[in-house]
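One chain comes next, on its own, written as structure tokens: the form predicted alone.
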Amino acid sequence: MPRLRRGMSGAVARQAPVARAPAETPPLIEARDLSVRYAHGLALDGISLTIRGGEIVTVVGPNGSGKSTLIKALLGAVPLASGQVIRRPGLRIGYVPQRLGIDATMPLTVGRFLSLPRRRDAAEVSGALTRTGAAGLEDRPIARLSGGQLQRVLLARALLAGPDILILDEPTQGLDQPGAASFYRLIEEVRDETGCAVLMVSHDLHVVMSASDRVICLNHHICCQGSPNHVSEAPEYRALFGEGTGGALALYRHAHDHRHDSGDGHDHHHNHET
């Protein structure tokens, strides 16, 4: 049965199940035997993967394993040593970078930032910020945002493109664990509401979304992939991260999905994750 949940606009709506693209559907992005070489050697070696509509794929791996390079290769931002990346014609990509350097002396407001490079009207900007839990920040200097606020603003900017796929490179870097878990829940809600695919790099094994359809464990090549449970039990994963990491792939959702009447006249939905 579809469950009720509070949407990002604040309204409570019936949440329909998200239809995943069947395996025979042409992928949004496909990498075929992709390799990237830097001066010090191969950063990626023989990567083959597909991302289909509506699925959430999370990439994990140790520092220096090529996670960010993989994102850049899929975006066409680094040259390939071999192989190819195939994107569906007309594919719309929303990108949230790992970090964004903002000059603190630059008088750039959130509203102006969201109107770059293409001007957006005030209603579009307000709607995107509300959708990502950043309502009311239009006039705030972007250099004065907290880490969590900035990530929500960057996500709002990505969503303004109406993406078929969201690509996020370590979007919770610098956030504490509750902040990271909250951001991951937001990403899940975006996928549920829009049906877009999500490809995300995670640096923190303890807060990988339990909602991921697939986890890819990367160490210059794909060591293993599958459901979070499958990957956390894989010998290749344990060899990289140790035997004590069986629960580290953030199977942090527990069956505590309920509502509270807060006394303010609103029915608040809670989906607890720890």
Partner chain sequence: MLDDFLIRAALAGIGVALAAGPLGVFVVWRRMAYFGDATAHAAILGVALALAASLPVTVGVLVVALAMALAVTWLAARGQSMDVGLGVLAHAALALGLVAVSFVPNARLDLSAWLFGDILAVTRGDLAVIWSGAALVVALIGWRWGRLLTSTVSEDLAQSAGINPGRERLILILALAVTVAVALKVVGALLISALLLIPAAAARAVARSPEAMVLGAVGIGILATLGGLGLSLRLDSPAGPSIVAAAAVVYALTLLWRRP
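It should be emphasised that the depicted structure is a prediction, and the values quoted were computed from it without experimental measurement. Residue numbers count along the first chain shown, from 1.
The same protein also has a form predicted together with its partner chain, omitted here; what follows describes it.
K.L.:
Wondering, does Arg112 line up within 4.5 Å of its partner chain in the predicted bound form on heavy atoms?
P.N.:
Arg112: contacts its partner chain in the predicted bound form.
K.L.:
Taking any heavy atom pair closer than or equal to 4.5 Å as contact, tell me whether Pro178 reaches its partner chain in the predicted bound form.
P.N.:
Contact check for Pro178: no, nothing within 4.5 Å of its partner chain in the predicted bound form.
K.L.:
Classify Arg152 as contacting or not contacting its partner chain in the predicted bound form by the rule of any non-hydrogen atom within 4.5 angstroms, answering yes or no.
P.N.:
Arg152 lies outside the contact set for its partner chain.
K.L.:
I'd like to check something about Lys72: if you look in the predicted bound form, is any of its heavy atoms closer than or equal to 4.5 Å to a heavy atom of its partner chain?
P.N.:
So Lys72 counts as contacting its partner chain.
K.L.:
Work out which of Pro163, Pro97, Gly127, Gly148 lies within 4.5 Å of its partner chain in the predicted bound form, going by heavy atoms.
P.N.:
Comparing distances to its partner chain in the predicted bound form, the residue within 4.5 Å is Pro97.
K.L.:
128-136, 188-196, 72-80, 170-178: which one contacts its partner chain in the predicted bound form at 4.5 Å, heavy atom to heavy atom?
P.N.:
One stretch meets the cut-off, namely 72-80.
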